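We begin with a single chain expressed as structure tokens, specifically the form predicted on its own.
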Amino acid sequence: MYLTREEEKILAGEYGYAYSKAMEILVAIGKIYKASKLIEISSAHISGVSYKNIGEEGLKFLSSLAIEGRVRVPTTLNPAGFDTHKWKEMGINKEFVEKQMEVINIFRRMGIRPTLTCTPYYKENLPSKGEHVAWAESSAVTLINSLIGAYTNRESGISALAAALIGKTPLYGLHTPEGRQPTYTIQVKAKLRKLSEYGVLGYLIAKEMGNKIPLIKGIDNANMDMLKYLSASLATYGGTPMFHAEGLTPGYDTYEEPRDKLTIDGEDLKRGFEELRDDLDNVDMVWIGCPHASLEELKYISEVLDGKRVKRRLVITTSRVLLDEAREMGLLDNIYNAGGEIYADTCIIVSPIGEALSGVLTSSTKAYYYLKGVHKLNVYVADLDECLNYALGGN
């Protein structure tokens, strides 16, 4: 891989340890994927923020970079292990809080904004069409590549941090037109109206085609929240870094339609739901917000809960910036008055509170995958309305 003279100096350590280590990581990745050179990026988004995930070794590594390392592009962070304003309410022990805050403060010292959300594209970090970025968080990668038309590979937390420190990333994969070529045509014949249906659609596609890039036909009326659920599911179950959707995503018509085809109808959708529904003897929590709930979702939940009272524990997770906006709009009172809990900065998957649960009802297919894999829980995927109805005491 070609390096400029300055890049060679960075690699050789002339700019210090943090930048040398970051360049070493980028060069190693570039060699693996036969990248021709490094290209400049306009932003980065980093995963691997929860102390529950990175542990003491990860903390030590980040500390070594933060001594002199500062990011060169606007950079945001994925969720942490708790709501930084409500950790006592969540029942998080003080030792974990101290370690987690140390992680967050290390990122802050490197010039990274502690947004602590998996949906930075709603407000904090929205790239433009054609911009090259370096993002981790698989669901966000798939969404911004597809709906926004930004260019990013599916980075790890470490490679995204390395790119942020250098301000560059290797040129390969989804940073190239050929790397974004669809290889499957998906014809959707089911009528999709609900968020969870788009999650199940992503699950069914990913099961059949793994990490291949699909051209999806028949979903041209989908909104951003629907595509968020689709993106999260595609990335979770197949590692798919992007999709094209006829009449919906930028540049979908610049590629030849793939000959390999898959049709998904209403019966397939029904089967998908059945496969994502465990037998639940006990539901400890109804969880909405994986990926983090949008302002539109918060508004809808507020309307449904107006004047009502939940009978079962309802937890909603969202970003801090949207939580504050929802508060200003008066959307939170109905949720709090109904007995619902709302947390920012965090996700049940990367939080210690998930360890104490046994069964979760959720609208998210991504949550199903990780709650089972990380916390070994029984999980049942239902639509948002069903989740809220169950929380209010329905069956």
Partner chain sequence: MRVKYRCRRISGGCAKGLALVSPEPISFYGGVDPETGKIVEEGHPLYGKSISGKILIFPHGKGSTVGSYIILRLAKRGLAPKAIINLYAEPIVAVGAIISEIPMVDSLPKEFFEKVRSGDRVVVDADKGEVVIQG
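Just so it is clear, the model here is predicted, and its values are computed rather than measured. Residue numbers count along the first chain shown, from 1.
The form predicted in complex with its partner chain is left out here; the points below concern that form.
Segments offered: 326 to 334, 358 to 366, 59 to 67, 36 to 44. Contacting its partner chain in the predicted complex at heavy atom distances within 4.5 Å is 59 to 67. The candidate site formed by Leu192, Met226 and Ile348 is entirely out of contact with its partner chain in the predicted complex, as no residue has a non-hydrogen atom within 4.5 angstroms of it. Exactly one listed residue, out of Leu269, Val283, Ile158, Val71, brings a non-hydrogen atom to within 4.5 Å of its partner chain in the predicted complex: Ile158. The closest non-hydrogen atom of Ile25 lies within 4.5 Å of its partner chain in the predicted complex. Looking at Ala12, you'd find every heavy atom of it more than 4.5 angstroms from its partner chain in the predicted complex. Shown alone here, Ile54 lies within 4.5 Å of its partner chain in the predicted complex, counting heavy atoms only. With a 4.5 Å cutoff on heavy atoms, Ala338 does not count as touching its partner chain in the predicted complex; it lies far away. For the partner-free chain shown, just Val374 of 367 to 385 comes within 4.5 angstroms of its partner chain in the predicted complex, judged by any non-hydrogen atom.
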